[in-house]
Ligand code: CDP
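Before any questions on how it binds or moves, here is one chain, the form predicted alone, in C-alpha cells.
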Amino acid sequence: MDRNKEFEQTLVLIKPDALKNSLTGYVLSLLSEFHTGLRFAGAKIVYVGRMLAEEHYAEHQGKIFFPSLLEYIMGKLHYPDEPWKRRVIALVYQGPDAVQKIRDICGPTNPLVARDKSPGCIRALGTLVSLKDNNGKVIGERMDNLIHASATNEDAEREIKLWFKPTDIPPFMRAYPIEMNQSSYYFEAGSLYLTHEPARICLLAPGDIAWKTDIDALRLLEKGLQTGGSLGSVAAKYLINTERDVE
C-alpha cells in the first residue's frame, strides 16, 4: 500500500454539546476501526482556552457568529456555571482516505441539511441556535453540530499541529516532519522571548522534539521576519491544559 495513503491523518473534535448529551460512545462507535478501517494516532481531553479557540476558528474571525463560536468550543455555553466540565475530546485518526471517510460519517456541517441529506450521520443529531443582539433581534445562527472533522489534507495538517505536539503521537505514527529544537523559546502575553522570566512559559527548550514547521516559524519570528503562520498557532498547543490558559 502507498505509504502516503497509509499515513493520511485527520483531526476530530468531539464538541461540548456531544459530551453534554452523552453521545461520546455513540460517536466513537461510528468512527471505530471496524467501520472505517482507520486507527487512533492520538487522543487527549482538552480544556479549550481562548487562544486555542481563536486559532482553530481563525478563518471565521470577524464574522457575526465568531464570538458565539468561541464560547461554544470553549464549553462556556453548555457549562456556564461548571467550568470543571468544559472539555473537548481531540482525536487523530490515521489510514487510507482518512479525511473523506470521517467527513462522510460526520455528514453535512449544517444539522438540518444533515438530517435531510444524510439521516443517521453524526451531525443529524445536532441543532441550530439563533443568535440575537441586545434588543432580541435575530442576527444570525450558530451550528451546534457535535463534531469537527478536518475538511482537507491541508486543513488536517494545520489542525493536528495546532492541537497536538509530536510527543502526543507515537513515533511511528507521526505523519509530518519533526526536528530537535536547539534554542530556548518563551511566551508571554502574545510575544516571543529568548530569555526566561517568572511570568514567561517555556514553549521549547533545547533537545525538545517539535514539528519542523513550528521551529521554522520560531526562527523567523525571533529575527523579526514574517512567517506563514502566527505565534499563537505555535504557542496554543503548549498552553493546552495548563493554568496559564484558564479563564
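Numbering starts at 1 and runs along the sequence shown. These figures come from a predicted structure and were not determined experimentally.
We do not show the form predicted in complex with the named molecule, though everything after this point is about it.
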| Taking the shortest heavy atom distance, is residue 197 within 4.5 Å of the named molecule in the model of the complex? | no
| task | May I ask you to check whether residue 77 falls inside a 4.5 Å heavy atom distance of the named molecule in the model of the complex? | result | no
| task | Indicate whether residue 72 is a 4.5 Å heavy atom neighbour of the named molecule in the model of the complex. | result | yes
| Hey, in the model of the complex, does residue 141 get a heavy atom within 4.5 angstroms of the named molecule? | yes
| Of the options 40, 47, 186, 65, which one has a non-hydrogen atom that comes within 4.5 Å of the named molecule in the model of the complex? | 65
| Which of these residues, 35, 60, 219, 212, gets a heavy atom within 4.5 Å of the named molecule in the model of the complex? | 60
| field | Candidate stretches 114 to 122, 78 to 86, 171 to 179, 101 to 109, one within 4.5 Å of the named molecule in the model of the complex by heavy atom | value | 101 to 109
| Out of 15 to 36, which residues reach within 4.5 Å of the named molecule in the model of the complex, heavy atoms considered? | 15
